[in-house]
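What follows is a pair of forms of the same protein chain, given separately as structure tokens and numbered structure 1 and structure 2.
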Structure 1
């Protein structure tokens, strides 16, 4: 049978796709969906607090229960903030937030001016007032305008409505907050894309070159101050200051002399250099049967570094610098080099088999004819560097976010719907209020507003001016 012209047209593929897309956008911008994403983000972030981050595999295997360690390693929870899942969820949150802002929040936060059923709104009042229609309308308008309400009038369905808005502009606070968050995200992405950071250590009197930008640092001198302070629980040795005196040669070959101090980084060509740490480099010599071995570590090594003991299976790790060796070869509390030494961890293969305290300028036998001598120490400075082109974005974004929060929390947009109807003898005013944060929050202000209106309206008209002199 031939189709008649009156049958509804079959939905085209385009319509179907459009409807599907609309549904998808609706789902993605759904409030609960967004909140669940935030919940997942919070959870992943918390995992990063609880699980140690950025350690090597052996750390987890030795410190965590075996099953937990495997779980951490398999799910990459050891570096969660850089995992694809984490970055993915942040990106997804941003997308959903942007969508929610423009697809849902803005349209509903800026409601059109239209008539409402006054009595159906929980915050409502009705009053009978005197006077003719024009004067009633004028009084209503003057009353709200005098209290800072933005008054607009519309003729809707034969009824003249008055709409009064307070803090209408603040309805965009959500947009401002969400935009702030997006700007921060852009800033952090810029760092991922174009920034770099790293750490280096330079011994006094020597130089290092920053691989990323070719800047060369020469540490002329490292100065530190540690003071003994008497507290209730005894003497503590508190670091007071440390500073690196450096010669810096930038990639263009220009050299200048400067200082890097904690909290006072050095800025060269958009890269910041920070005083991060310091330590004592020590020169070790390994000998067998009195003869220095060729594979002794060359130059000073720093805390945490290690070296092999000749051809044996043993190796030593320079664990810690000891400022003062106390009586009976114990570790004294004063970290300043008085009677200094080093704590060495001894390994057989990968097994830590103990530690020894070796005084500086003296040596120690470690068995099988091997001997280790710890020489003089040289101070080194730990310098951190970072190039982050996203910082201005993060800074601006943070302030935009804050502004959005303050707008949203401290300015309550409220709308009053005022309907005036009646006849020549008596006029009824119907008044209802809505806010973006429900009705409870506005209950008291609304009651006060109604009270004020009734009082003002009942008051006799302004008295005529008194004759001159009567004010005395």
Structure 2
């Protein structure tokens, strides 16, 4: 005879959607998924450190390999901290961390006080003691309190439970680390919204204006010191000090005299100015058939800059200042101006057809009657500047993040579940332990705790200790 019954209801579309959503949230809050996002964020940050930020297109085309320059410009790696990818990954990390905090961390790290099935927990033990109920419970409480455990009692389902916690505060270590990362994200967001950075160069005797804040610098004099130092490999010339003596006019129109020195940035209205580099500006004159051309470069130009040669297809780039030209028109090792000259790159259209070393106050013929003369040099100062209102937040956030990680790694929160059952003069004590880092890490401590409890008990146990699980 066939048996009939009621078939279980088929899962509804709503149940399927809920199950899919739970799986998605579980994946987004997964620890290793979060670590992979942090890896991507770190990689993008490293790009911002390696690739010069905020320069114009010419800088990358001049100083980087052609393929790398095109990659930087096309992917906007020259301003990566303000790019949608960078901001998007930071926002995604914050969203996943928030989800992980409420979906995984808080339920796992801060579990509520509730009854458990003692024998189902791998770290468990039981023992039988004699005495009246009040004295047995008092001995249990005094034992754990004397060893620094936080003891709490709860009546759950008509059963009195004793909960003992050690380093319970350390359960919040991961939460502290999450808060630290959020503070760091706030700092980087402030820099994105209100901060800026850049660099500029100013020739001695001239002025430059910082576009972002209107501050004006006039370079009165640039001083540097380079000393020869004898090493095993020979004489090297070590830069000792760079100093820019400047007149500074702030955005309010007030002018004062100040200095910018290496490792001693100048702070003006919350903007830090750093002595980053220096160089030699050189005045070039272009002539044709002995007559100066009107389109010759006006004033001194700096290394890396170039100019066209009249109406020809030729152009020149001032590549480098040479402090000392040695015998045979060679480049000497001393960077200080003794017998100075310049290295020029010669282009025909976009093709580099060679380089030439030209002493100052001399020139070269480049064909078709054109001649280029290199004149006097003028020192210039390279200044970097940065305004970052998020630095205090990043510093505090890094400290909080480190503190949270130290708490999580170096402290082991543990919880003991204690249940006393029995009647009259014989009572069975069930004991189980859980930690936030699994059971194996706490196995030895738990066994020692059980042995101590046996020794402290006034009467010998009625039956031997019966460890279960990993204590077997």
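Numbering follows the first chain given and starts at 1. We call the rigid core whatever largest set of C-alpha positions still superposes within 1.5 Å between the two forms. Here the structure is a predicted model, which is why all the values come from computation and not from measurement.
Between structures 1 and 2, only structure 1 derives from the form predicted in complex with protoporphyrin IX containing FE (HEM). Core-superposed comparison between structures 1 and 2: CA of residue 126 displaced by 2 Å or more. Superposition on the rigid core between structures 1 and 2 places the CA atom of residue 72 2 Å or more away from its counterpart.
Taking 2 Å as the criterion, residue 81 counts as shifted between structures 1 and 2: its C-alpha moves by at least this amount when the rigid core is aligned. Superposed on the rigid core, the forms differ at residue 163: its CA is offset by 2.9 Å between structures 1 and 2. Taking the core as reference, the C-alpha deviation of residue 52 between structures 1 and 2 is 9.4 Å.
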